[in-house]
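This document opens with one chain alone, in structure tokens, the form predicted on its own.
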Amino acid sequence: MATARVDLEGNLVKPITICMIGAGGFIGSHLCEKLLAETPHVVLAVDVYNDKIRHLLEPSGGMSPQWADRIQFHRLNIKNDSRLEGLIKMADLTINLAAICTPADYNTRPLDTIYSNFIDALPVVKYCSENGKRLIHFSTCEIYGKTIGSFLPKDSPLRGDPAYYLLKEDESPCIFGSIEKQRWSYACAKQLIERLIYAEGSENGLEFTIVRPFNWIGPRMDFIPGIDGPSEGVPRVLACFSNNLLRREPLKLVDGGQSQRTFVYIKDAIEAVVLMIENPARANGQIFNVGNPNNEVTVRQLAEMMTQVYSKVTGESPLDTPTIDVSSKEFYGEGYDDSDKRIPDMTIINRQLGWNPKTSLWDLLESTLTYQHRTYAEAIKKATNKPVAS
């Protein structure tokens, strides 16, 4: 059994029931594991798929017996299921993780992207507000768009001034590209639902916390095309590069891989979420950046690191040409645009929750690529060795 837990004030944490929408995804699966293994809370897991949490639902998957009455899976699509309000009413807290959040979809499926991230989230906010339920809503670091520094001349010394690139929850503007750049459909939808949640808090007393993840990565992230996802699908960067490495293909660098990103280990980030869950007095009404500013690299540097780490994990030598450059138009299609740097300011989450990430980029890549190789290498080998019909 989970031991008694105390909050940051030293008070005993009371068990609560959590309605987790999107529990079957990457973040949801890790959060479910953490809650079941270390806390007394009950999870109402809501999703269309449960593949990534099946091990928590089936005794044969190694589920601990004391978890059996603390997790229930409800298979439903939140956009058209009348059961959603009943589940939110049953819970003390709702966590909304549901989203279309893959850059390849922003251009090709802008309507689905906008509906998923704004329209489909509206009932969740409404039900929480009307029934006096607390909400933790997952937004995105894309909410910031481009940095102020990106509009300065290339040789301007101000580009190196943190005031022009450090992203602050309560100060930084949201700067997006033109309407024809459909890549911003995701960020705009996420910004609007944030504004609506904030308005519900100020006008109707909704207790809310907004989470802005900065590239959370680790095992079970996204999918490997043709193995546990669509053959033509394009996952986010870590899974995309993992797929190339597993298939011994060059890693594709969009527009030279010059965009700069920070990466945080999923297990570090989940600790921050548990702090939000168990410290409502410190988390309510807050917007939190959750990332690791110490793990900043260009996408090209990430590709080089992943190539080295994968070689270490597998014992295989890297390809003679480990990367190739492709244009964003070729890779994503018309309407793609990008942000330059995404470095989170950590002042608010450190002040309110005392949270700091621990895991270095080298260590989290080794952990993740070990998992990717162990999980997918054999399946890819079989898939690529299938005889071709004559």
Ligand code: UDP
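What you see is a predicted model, and the numbers here were worked out from it, not measured in a lab. All residue numbers are counted from 1 along the displayed sequence.
Quick note: we don't show the form predicted together with the ligand, though the next part is all about it.
Peer 1: Thinking of 103, 183 and 336 as one candidate spot, does the ligand come within 4.5 Å of a heavy atom in every one of them in the predicted bound form?
Peer 2: So, yes: the whole triplet contacts the ligand.
Peer 1: Test of understanding: in the predicted bound form, would residue 168 fall inside 4.5 Å of the ligand by heavy atoms?
Peer 2: No, no contact at 4.5 Å.
Peer 1: Residue 342 versus the ligand, in the predicted bound form: is there a non-hydrogen atom within 4.5 Å?
Peer 2: Yes.
Peer 1: Even though the partner isn't displayed, in the predicted bound form is residue 284 close enough to the ligand, meaning a heavy atom within 4.5 Å?
Peer 2: No.
Peer 1: Would residue 259 sit within 4.5 Å of the ligand in the predicted bound form, counting heavy atoms only?
Peer 2: Yes, residue 259 sits close enough to the ligand in the predicted bound form that at least one of its heavy atoms falls within 4.5 Å.
Peer 1: Quick one: from 88, 206, 210, 237, grab the residue that has a heavy atom within 4.5 Å of the ligand in the predicted bound form.
Peer 2: Of the listed residues, the single hit is 237.
Peer 1: Find the only residue in 109, 126, 252, 134 having a heavy atom within 4.5 Å of the ligand in the predicted bound form.
Peer 2: Going through each option in turn, the one that passes is 252.
Peer 1: Where does the ligand sit in the predicted bound form: which of 361 to 369, 32 to 40, 345 to 353, 324 to 332, heavy atoms within 4.5 Å?
Peer 2: Partner-contacting stretch among the options: 324 to 332.
Peer 1: Using the arrangement in the predicted bound form, list in sequence order the residues of 137 to 154 with any heavy atom within 4.5 angstroms of the ligand.
Peer 2: The stretch touches the partner through 142 alone.
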